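As structure tokens, one chain now follows by itself in the form predicted alone.
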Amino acid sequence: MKVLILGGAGMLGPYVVPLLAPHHELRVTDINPLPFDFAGEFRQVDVANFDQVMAAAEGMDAIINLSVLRQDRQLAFDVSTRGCYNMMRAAVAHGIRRVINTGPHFAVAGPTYERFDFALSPDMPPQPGTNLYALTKALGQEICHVFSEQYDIYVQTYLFYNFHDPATLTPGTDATPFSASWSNAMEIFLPGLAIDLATLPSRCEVFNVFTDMPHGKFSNEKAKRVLGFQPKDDISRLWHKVK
């Protein structure tokens, strides 16, 4: 499959690109050079630039959006929100039916949910709160949803938060209720590219991606059931108290 990756030089790219490269023909893009070795095609693309995204998507079978910018109000909107709009317009123009978007868990579960609820699923009504990062990503997610309702495009959105290296964990390391190892979390992209689109529950689906956590505050059941995601890598030291 020919896969366009937007934002390949960001936080997730160094893990996603090497995982997918042996299985798919990748066209990796970013506004910055890649900070890792990649023998395939690389293009310098600003996701906020519609013409650049449109040109990069030509001839592709799928798009994975890893792009993100958190700090600056205008740039965060241009990347996380306008970038999704440009991606979806390009998917329509080139007949690309498979899109994978990414974001933080609080694009759906903002402060109110996080503080007071239990067994939070990715299908609950979004409540991103007032966080700039969450808001711009939530707007992008809603743009993807609207496009999936109007066109024959299937969008999967993967929600992440904290990543860890099991080899370096020590008891007492801060644990959020949404954690996974880097390698295990990135494995979600392989079934996302392989799944028969007709078997997805709808044309726009959101998935929580994290390991099994003992408190059950969030639910990863949907990622297991629909995509066959299997939590692994022992990070249980995160929830062991230091004596």
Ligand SMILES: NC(=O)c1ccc[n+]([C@@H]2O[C@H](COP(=O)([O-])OP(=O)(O)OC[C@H]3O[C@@H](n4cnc5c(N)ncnc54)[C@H](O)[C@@H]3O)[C@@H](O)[C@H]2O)c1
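All of these numbers come straight from a predicted model, not from anything done at the bench. The first residue of the sequence shown is number 1, and the count goes up from there.
Omitted here: the form predicted together with this ligand. The next part is about that form.
*Asks:* Go through 47, 28, 63, 185 and name the one with a heavy atom inside 4.5 Å of this ligand in the model of the complex.
*Replies:* If I apply the 4.5 Å criterion carefully, the residue I get is 47.
*Asks:* Here the chain is shown alone; which of 154, 113, 133, 85 has a heavy atom within 4.5 Å of this ligand in the model of the complex?
*Replies:* Among 154, 113, 133, 85, a heavy atom within 4.5 Å of this ligand in the model of the complex occurs only for 133.
*Asks:* Pick from 85 to 93, 139 to 147, 124 to 132, 98 to 106: which stretch has non-hydrogen atoms within 4.5 Å of this ligand in the model of the complex?
*Replies:* Stretch 98 to 106 is the one.
*Asks:* Considering non-hydrogen atoms and a 4.5 Å limit, does this ligand approach residue 32 in the model of the complex?
*Replies:* Output for residue 32 is yes: heavy atoms within 4.5 Å of this ligand.
*Asks:* Since only the chain is shown here, I'm wondering whether residue 215 would be in contact with this ligand in the model of the complex (any heavy atom pair within 4.5 Å).
*Replies:* Answer no; every heavy atom of residue 215 is more than 4.5 Å from this ligand in the model of the complex.
*Asks:* Any chance residue 163 has a heavy atom within 4.5 Å of this ligand in the model of the complex?
*Replies:* The answer is yes: residue 163 has a heavy atom within 4.5 Å of this ligand.
*Asks:* Taking the shortest heavy atom distance, is residue 231 within 4.5 Å of this ligand in the model of the complex?
*Replies:* The answer is no: residue 231 has no heavy atom within 4.5 Å of this ligand.
*Asks:* Could you run down 70 to 94 and flag each residue that has a heavy atom within 4.5 Å of this ligand in the model of the complex?
*Replies:* Residues within 4.5 Å: 70, 79.
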